[in-house]
Each structure stands twice: as C-alpha cells, then as structure tokens.
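The chain below stands alone and is given in structure tokens; this is the form predicted on its own.
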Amino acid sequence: MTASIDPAITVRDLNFQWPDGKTVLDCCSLDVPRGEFWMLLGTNGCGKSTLLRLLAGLLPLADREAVQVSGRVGFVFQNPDHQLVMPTVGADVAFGLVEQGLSYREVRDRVEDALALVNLAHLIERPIYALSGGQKQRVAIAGAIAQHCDVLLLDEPTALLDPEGQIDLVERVRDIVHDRGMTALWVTHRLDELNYCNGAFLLENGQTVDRGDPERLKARFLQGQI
C-alpha cells in the first residue's frame, strides 16, 4: 500500500443521505496521495459516484470539514454529452478559460496544450456532434486539464466506450497524471482498469472496506468477498 504522507484528497468519517433519508455514505474515509492515480471500485449503488460529486462540490455537504481537496479540481462525467456545451472542440475546451477572463493568447496556449495531451490537436475545429464517444470524453478531459487542475476526478469515464477505447483512455489519463504531477481519483467497475493505477479503494455500502494494492483488491472483488 502506498503511504499517504501528503494526501491531496482527504475524507474523514463522511456521511451523506438523500432527502428521502436513504444513507449513501456511512463514515466513509480515505486518503489519495498527492501526485498519484487511484481508483474507486465497488458494486453499483455502493456510493462511488456520490462520493466523487461531493469531492467536486457538485452536491451539498453539511460537514465541510469531512472533505479536504488540495488545489483546483477538474471533474469528468460518465457521459461527455452532459459536459460539452460548445459547438466545436476548441471552443469547448476554451469555454471555462474565457469565463475566467484570461487573455486570448493564454486561452489559445492552454487549449492547444490540453488537446495535444489527449491527441486531439488536429480536431480543434471539429464540431462536437461529429466526434466519437471516445473523442468526446477526451475533449471533456482536455477541458479539465486546460483549467490547470491539480486534482482530476473521473466518474466511470470509459462506461460508454468499447474495450479498445477504454484502454486507450485509461492509459492516456495515467500518463497525463504522472507527467503533470496531478492527482486523480477514477471511479470504475471494470477490473482490468486497475492495471493502470497506483492504488485503489474498495467501497461497500458507503464505507471504504479495503485499500491499497490493485491486484489484491481485484482478487478480493472477484472472489466475492464483498
């Protein structure tokens, strides 16, 4: 297990209920080491996506002290169509930067850099509707990278991709995270994706029941120990 000497994400005894009283997270705790790529594994309904949305500030949180995230956060949805808002690739990646009031040159440089990292620089003028699912997901990731985020949160980003696109995306994100010194937490239900991370957390009924070596957690999951 990787020691969390300097965590970029810290969750301590986090509880969350829906308005109808259904408990989703129950004293959930975890640390994601700074500069590493970790995954969040668990069965459907165990609280993975809810936890990620709480970390990103997309859901209201009563106890703010239960969650600490260092630096700027980028979030990537499972379905990129929920995230892409502009007509072309370049315009979409630039959208948040323009809203910040950055100069034209700064926006252009960040957009070109981010698209190069996801291997889409040649599609900067391409309409969003003309992209494949995998290309759309890479545009969404480029948008987060262009924000110079320190922490990247990804909610099952390969759920809509074929096996080849799945592996291409997880490898690309792993390389970007390591090359840029970012921290990433990636929600997944695909066990083969655990081959690309530094470590993983296993969630069950809203609690972190195990953490550490991806191969050990994969084996535990396959043996039905949760």
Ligand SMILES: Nc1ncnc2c1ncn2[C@@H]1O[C@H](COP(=O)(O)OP(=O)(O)OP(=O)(O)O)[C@@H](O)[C@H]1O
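Remember, predicted model here, so these are calculated numbers, not experimental data. Residue indices: 1-based, along the sequence shown.
Form predicted in complex with the ligand: not shown, discussed below.
J.: For the chain shown here without its partner, which stretch in 60 to 68, 22 to 30, 192 to 200, 161 to 169 has non-hydrogen atoms within 4.5 angstroms of the ligand in the model of the complex?
T.: Going by heavy atoms within 4.5 Å, the stretch is 22 to 30.
J.: With a 4.5 Å heavy atom cut-off, would you call residue 156 a contact of the ligand in the model of the complex?
T.: Within the cut-off, so yes.
J.: Within a 4.5 Å heavy atom cut-off, is residue 177 in contact with the ligand in the model of the complex?
T.: No, no contact at 4.5 Å.
J.: How about residue 45 - does it come within 4.5 Å of the ligand in the model of the complex, if we only consider non-hydrogen atoms?
T.: Yes, contact at 4.5 Å.
J.: Since only the chain is shown here, I'm wondering whether residue 78 would be in contact with the ligand in the model of the complex (any heavy atom pair within 4.5 Å).
T.: Taking the distances in the model of the complex, the answer for residue 78 is yes, it comes within 4.5 Å of the ligand.
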